[in-house]
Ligand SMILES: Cc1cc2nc3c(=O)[nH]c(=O)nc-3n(C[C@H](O)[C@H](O)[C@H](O)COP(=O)(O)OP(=O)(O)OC[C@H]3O[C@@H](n4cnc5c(N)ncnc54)[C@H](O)[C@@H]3O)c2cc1C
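In the block that follows, a single chain appears as C-alpha cells, in the form predicted on its own.
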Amino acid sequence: MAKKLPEVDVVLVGFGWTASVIAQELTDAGANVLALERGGWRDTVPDFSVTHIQDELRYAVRKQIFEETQRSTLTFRNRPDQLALPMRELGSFLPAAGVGGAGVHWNGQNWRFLPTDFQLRSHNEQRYGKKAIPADMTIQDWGITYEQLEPYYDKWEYLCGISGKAGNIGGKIQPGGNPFEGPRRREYPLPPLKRSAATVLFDKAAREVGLHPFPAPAANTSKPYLNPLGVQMGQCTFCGYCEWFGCANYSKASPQTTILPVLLKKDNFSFRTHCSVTRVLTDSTGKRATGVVYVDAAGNEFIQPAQMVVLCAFAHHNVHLLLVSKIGTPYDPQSQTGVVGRNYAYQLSSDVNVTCKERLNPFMGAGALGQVVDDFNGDNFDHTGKGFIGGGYIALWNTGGRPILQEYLPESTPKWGGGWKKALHDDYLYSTHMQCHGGMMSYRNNYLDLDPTWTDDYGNPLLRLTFDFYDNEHAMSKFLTDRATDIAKAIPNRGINPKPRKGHYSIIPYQTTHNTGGAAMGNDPRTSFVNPFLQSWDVPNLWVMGSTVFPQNPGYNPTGTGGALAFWAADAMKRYIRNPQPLVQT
C-alpha cells in the first residue's frame, strides 16, 4: 500500500532545465517546492571531471548518460496500420535520465524561434493561401506571439551566459548578426566564440554565394561570466566534449552551472532522486490534481500530495503520464478529436561532408561553435512554387574531433578495412561537414498513444509512437541540402559528399533529440491540451513544460524556447497561486 507523505505546494515531475527554472522562480515567490527525478544526482565534480567525462566509448557509444531502455522505452511504427515494436536500444533520439536532464548533455546550440513560427498557420494561409496547407497537416498557432515571449528569451539568455552577436536590436539590423531574427531588446551577454578554421571557410563561401552567415548563439561561454543569480561560469576551453557529455569546465550552461548552486541552498526547496512518477492523481471531479504517485529505487510506492503539479519530464514521458493518468482526451486520428498525443513532431536533418584543400583543426571544438546561415529557415524566403512550407538553418559546426564517431570522409571511402584506414589517415584533418537542420510540420497520422500490447515495469502500457516523414519535409530537406551543396562548392575542396535524408523515418540512426508535441499549447481547447500559459484546460492546477507543448517543430534547436516558456509560465503560476483559477476562461 502506498505511503502518503505530507503535502507540498508544488511538485515537479523531473528535475532538468524547466523544473530548475520553475523551482527557482516559485521558491523566490515563497512556495514550498519538491522535485522528483527518476535518475540519479550528478554534478560537475566528480561526474563530469576532466579525467572522467571525456570517454567517448562509455558515454557516446554505450550511452551511459542516457535513459536505459531496459527500464523505460516506447514502441514505434511508421503508420497506424502497422504493428508497433519496442525500441530496445536508443537510436534516433537520446532522452536523459538524472538531475539536469538533457541540459547536461546538450550541445548548447541556443536559438530564438522566428516571429512567424508562433503564427504558423495564420501566417502561411495569409501569404500563400489556405491551399498551401495540406488537409492532413495539423499545424496551428501557438496562442502567444514572439513579442510576448521576447522578455523571457532575454531572461533565459542572461541566465545561461549566451555567446553570440545580435542581428536585430529594437528593429534595427545589426552588422554581423542574424538579419532574419526577431527584434531583441539588447545584445547577447557575451561576444561570439572564437572561430575555427572550418567556420572561417564556411563564412567566406556563404558570402560568395550571396547568403548572410553569422556566429551561432552558443550556451558555451566565450569569457568568464557571472549570471544574474550570482553563479560564476568559466571560459570555454574548446575541449570538444559538449555533445552527449557533461561539461568539465563550468562553461556550458546547464542547471548545475547556472541555477542549482542557488536553488539547493533554499529551505523551501527539496528533491528526491531515483523516484519514478507513475500517476498524476485527481479528485473525484477530475478537475483538480491532488498530487502524484511515485516508486523509489527500492520499489516502495508513495503518494505525494501537492496543491499544484508541474510536468517537466522529457516530451514523451509527459504525454505518457497524462495518458496513463487518464487526464485529458486521448487523440483519435480517425475522428481527429482529442488532444493528448496530438501534434507530435520531430525534425528532418541532412548533411554535406566536405574534404577541404586546407588543413583544419577538428580537435578545437565546442557544442555550439559554428557559423550559420538562416536565409532558408521558416518563412525567411519566398516559398511560392517550391512545393513546401517551412525550412531550416544550414550550419558548419566544429563540435570536436572525437576518434570514434566524428569523422566526415569522402563519399567513396570504404566502410572498413585498409581503404577506410587510408582515407582516415589522408583526409581526417581536412574534413568537415555542414548540417541542414530542418523543421517538421505536424500531421494527422503522427501521434502518441498507449500501446495495447506492451507494458513497463509498473504494469502501465508503453507509449506508442506513430510517425513518418511527409512530402513537404522531403522537399524542404532536398532544397536545404542543395543550398548547402552550393556553399560547399565555394569552399576550395578535394571532394563533396551530400547526404540527403530520404525515405521513411527510422528510429535506429541518431538524428536529433528534438522531439516535440503531444500536449500542444494554443487558444482552442479542441486542439490544445494547455492554454497559452501552459496550464491544462481541464485541470487548472496542472501545468506542462518543455517541447511537449510545441504545436509543431520549427527549424531550430528547442531548448532556448523551452527555457523562455518556463519563465513565461512561472510568471503565470505566481498569478495562479495568488488567485487559483483558469488563466484563460472558455
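All residue numbers refer to positions in the sequence shown, first residue = 1. Since the structure is predicted, the reported quantities are computational estimates derived from the model, not experimental observations.
The same protein also has a form predicted in complex with the ligand, omitted here; what follows describes it.
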Answer range among 92 to 100, 175 to 183, 160 to 168, 115 to 123 for contact with the ligand, defined in the predicted bound form as heavy atoms within 4.5 Å:
92 to 100
Would you mind picking the one in F269, F469, Y447, W244 that has a heavy atom within 4.5 Å of the ligand in the predicted bound form?
W244
Position in contact with the ligand when the complex is considered in the predicted bound form, options V373, V277, A205, A306, heavy atoms within 4.5 Å:
V277
Contact flag, T413 vs the ligand in the predicted bound form, heavy atom cut 4.5 Å:
no
Given that the ligand is not shown alongside this chain, does L36 nevertheless sit within 4.5 Å of it in the predicted bound form, heavy atom to heavy atom?
yes
V13: heavy atom within 4.5 Å of the ligand in the predicted bound form?
yes
Contact test in the predicted bound form: G546 vs the ligand, heavy atoms, 4.5 Å:
yes
So in the predicted bound form, are R195, S431 and N497 all sitting within 4.5 Å of the ligand, heavy atoms only?
no
For the heavy atom contacts within 4.5 Å of the ligand in the predicted bound form, list the residues of 505 to 529 involved, in sequence order.
Y510, T513, H514
